[in-house]
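The chain below stands alone and is given in structure tokens; this is the form predicted alone.
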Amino acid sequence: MNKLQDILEHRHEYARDWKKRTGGRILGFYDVYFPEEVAYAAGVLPVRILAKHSEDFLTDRLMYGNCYCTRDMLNQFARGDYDYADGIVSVESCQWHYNAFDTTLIEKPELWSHYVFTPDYTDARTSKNVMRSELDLFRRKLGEWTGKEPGDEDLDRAIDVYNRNRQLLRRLYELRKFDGTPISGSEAMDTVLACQVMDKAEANELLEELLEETESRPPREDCVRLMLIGSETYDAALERIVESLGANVVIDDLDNGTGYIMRDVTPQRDRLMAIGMRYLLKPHSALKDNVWRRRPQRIWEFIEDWQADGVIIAKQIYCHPHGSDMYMVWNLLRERNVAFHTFERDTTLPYEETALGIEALINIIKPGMTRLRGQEV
């Protein structure tokens, strides 16, 4: 576990070392709807651009009104934290991610760039053909940039590596389904985020070691089990606050959590169609769950399968997609008598204020519980 946590904490150093070792190119991406397999097949390392708060004298002028996470992304490029990135790519996602992409290119025009249109209406009749066309264009543009257009064998290799990564991460999530889970929510989130900033082949080796070690751990003392819902996250600070209060986040509905690891690419003759269908059919965020509204039912299934006692809803400030659909999640939880706590956050978390709200939620839940070992209710 410490290896993956260390890579996440020192992700820029890892990327620079990877580039030095391999001589390959690095492509920064903003959203989990980015089809990483195509870039990886071209020998390019996709690295998720994660927010990290630091001194900022730039973004008020260029990105006023954006969420703080995307402003932090621009600030990191301006500071030189991502000096190893050879290019950046954006997909059709939230407007703040696109603003970060567009404004970064103003500040860093030397970066190679590309935009992949991922259909907002993923269920539409023509969406799969549009997605396949976008991936074909992206493959050809990568070929022009790198001098090597990925073929079917390259795509097969990338699909295998990425499918294996998702399968290993899902095994890690499965360990949190039952009482006495051997892994904490912060450990699981650190692991998922680390895999988004490193070579998946190397990540898979570390995940194999982690799973062997974790599955042999003795059960942890059982505690209040919480689900985390909301905007994307960039660290496990919230999970650590929960753990400091004697509870544990056992499952999430986050784009870069379950939204990143659920559903593999199903192999077929047309590799680009196979990759495109994975991104169209994976669990969707509030942004793209805009026709049939499947997300509330998925949240309820997670609550049942992972035996969550309550829910934390953490919305990034200025996150319009989650702000507009949050009322449906509230309705679901109220109808099914699930205790929940909602708050807004950015890339910094005031400990006392955040802990107070979560502690109140835990104290609401505890009197109705009968299973906690060694506790009277």
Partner chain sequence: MIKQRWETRPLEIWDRAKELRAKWQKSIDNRQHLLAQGNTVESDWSPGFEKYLKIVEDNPVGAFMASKSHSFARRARLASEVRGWGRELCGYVNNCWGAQFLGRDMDGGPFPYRDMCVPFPDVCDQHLKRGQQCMDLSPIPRWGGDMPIYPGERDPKRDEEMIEHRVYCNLKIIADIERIFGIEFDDERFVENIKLREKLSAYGLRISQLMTQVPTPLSAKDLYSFYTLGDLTKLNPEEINDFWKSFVDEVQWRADNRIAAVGGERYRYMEAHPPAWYYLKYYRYLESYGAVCIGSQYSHIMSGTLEVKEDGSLAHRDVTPPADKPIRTREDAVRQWITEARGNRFKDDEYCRKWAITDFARGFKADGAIMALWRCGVGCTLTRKEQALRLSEMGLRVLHCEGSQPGDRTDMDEHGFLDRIDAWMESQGLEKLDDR
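Residue numbers count along the first chain shown, from 1. Keep in mind the model is a prediction, meaning the values are calculated, not measured.
If you look for the form predicted in complex with its partner chain, you will not find it shown, but the lines that follow are about it.
For the chain shown alone, residue 178 is not a contact residue for its partner chain in the predicted bound form, no non-hydrogen atom being within 4.5 angstroms. Proximity of residue 316 to its partner chain in the predicted bound form: non-hydrogen atoms within 4.5 Å are present. Its partner chain in the predicted bound form comes within 4.5 Å of no heavy atom belonging to residue 162. Within this chain, residue 330 lines the site of its partner chain in the predicted bound form, having a heavy atom no more than 4.5 Å away. The single contact residue among 262, 201, 281, 137, judged by any heavy atom lying within 4.5 Å of its partner chain in the predicted bound form, is 137. Residue 286 is the only one of 155, 249, 286, 223 with a heavy atom lying within 4.5 Å of its partner chain in the predicted bound form. Between 32-40, 304-312, 61-69, 45-53, the stretch whose residues reach within 4.5 angstroms of its partner chain in the predicted bound form through a non-hydrogen atom is 61-69. Shown here without its partner, the chain carries 173, 184 and 257, none of which come within 4.5 Å of its partner chain in the predicted bound form through any heavy atom. Contacts between stretch 118-145 and its partner chain, counted in the predicted bound form as any heavy atom lying within 4.5 Å, involve 119, 120, 121, 124, 125, 126, 127, 129, 130, 133, 134, 137, listed in sequence order.
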